[in-house]
Each structure stands twice: as C-alpha cells, then as structure tokens.
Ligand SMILES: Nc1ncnc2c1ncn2[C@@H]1O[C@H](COP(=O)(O)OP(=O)(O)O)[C@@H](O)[C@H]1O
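One chain comes next, on its own, written out as structure tokens in the form predicted alone.
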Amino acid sequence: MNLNIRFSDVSVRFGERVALHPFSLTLEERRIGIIGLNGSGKTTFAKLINGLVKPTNGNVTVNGLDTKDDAKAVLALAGFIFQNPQHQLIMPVVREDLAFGLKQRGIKGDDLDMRIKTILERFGIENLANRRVHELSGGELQLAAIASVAVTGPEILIFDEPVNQLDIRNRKRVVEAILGLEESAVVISHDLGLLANFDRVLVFDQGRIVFDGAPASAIAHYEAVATC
C-alpha cells in the first residue's frame, strides 16, 4: 500500500510548552521508525499522523486527507496502537472487542464473523477469541490490540512502544507480527533491534528531528545523543 504523509510547516504547543518546533517532512516508506529520549516529541509526532493531536500551526495530510478537515476519514485510514494495550481493548472478551470496531462501521452478520475469523488467523491468535482480556499475558494483549485495530482495515498502523516490557518469547511474536504487516507501519520504540531493518528512522531530541535516515546511522546518532 502506498503511503504519503506530509507535514507542512508544522509545530505543536501545549499551552506555553513547545512540544514540536516547526518542521516540514514527507514520509513515503512502508516501515518508519521513531526514536528519541523520553519527552523528545516522539508520541506527539506520531499522534499528528492520525489526528489524535492537531498541529498548532501548519497542516498534516495523510494520503491527501487533511487531519483537521478530514478528521474522521484520517482516523479510519491510520490506526493507533497505544503503549498500554489495556487502553486499546475496551470490551471484556477478545472477540467482542474485535466485533465492536466492525459494528461501529455498520458491519454485521456473516461478514462480521468472517472478518473476525480472518484477523484471528492472520495473527495466529485464534485461541484468544473467547478469552477474557484481563486474563491475557502481555504479549497476548499486544497481539489482541493490534488485531483490534487492524480488523477495521486501516492502511497505516502507528505503534507506541509495542514491545515495551515484553519477555523474549512475546517480543518475538509481536516483532514478527509487525514485520509481517501488509499495512504501512510507523513505530516508536526504544527497542532499537526492532527498527534495524526498517526503511527509515527519525531521531527526535527536545522537540526537533535531529536525524533522518537509514536505521544504522540513525541509531548511531541516537546513541551519541543519549550518552551526552
């Protein structure tokens, strides 16, 4: 799927605090990583893509849709997977959560059942369909959260620290799921290994993009900044 995200003279302020200093940027790669120290502007930047944060100045377009003027369409186009998957899953049972997003879009009956079956198989979590969310492990929660967003058919998936605090086995499952996505992916992560084979990585520092390039070079730049 083609990706075209344009930031034109964008800046973000929260009250008196500058979260992102002015920048212009175009993203077209299928796998884009975002790294930086805590509080550097990473999550604010990522939330600009699907309109969860609106720019204070400038504009953001996603495949031609403006995040201010076409907010509903942008939300359908770009799904956001939060750092804590428990904030993503709002229904008590996994299948019910997958059905919720589809029902909101008017999908029901056999079509709904088939879409749920397909997404469960795609992520290898058929065994979770009737499990209660509060009983799931960290890795199971993350996979269920990804499925709950992907089932509605967005073209872009945005991840905020998807492998944070996962053990080795569950990290492997989630990383494989992300790398195998059909959709374009924008991933915030402190797990630098996850981003090693991405197409492009942005490095943030104090509300500015301080490096933009290949993963190896971006990671080296970040490590230099982080140790200063």
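Remember, predicted model here, so these are calculated numbers, not experimental data. Numbers for residues come from their place in the sequence shown, where the first is 1.
The protein also exists as the form predicted together with the named molecule; that form is not presented, and the subsequent description refers to it.
**Student:** Does N63 reach the named molecule in the model of the complex, with heavy atoms at most 4.5 Å apart?
**Tutor:** Answer no; every heavy atom of N63 is more than 4.5 Å from the named molecule in the model of the complex.
**Student:** For T44, is any heavy atom within 4.5 Å of the named molecule in the model of the complex, or not?
**Tutor:** Flag for T44 set to yes.
**Student:** Taking the named molecule as it sits in the model of the complex, is L37 near enough to touch it, meaning that at least one heavy atom pair lies within 4.5 angstroms?
**Tutor:** The answer is yes: L37 has a heavy atom within 4.5 Å of the named molecule.
**Student:** Could you tell me if A19 has a non-hydrogen atom within 4.5 Å of the named molecule in the model of the complex?
**Tutor:** Judged by the heavy-atom cut-off of 4.5 Å, A19 is in contact with the named molecule in the model of the complex.
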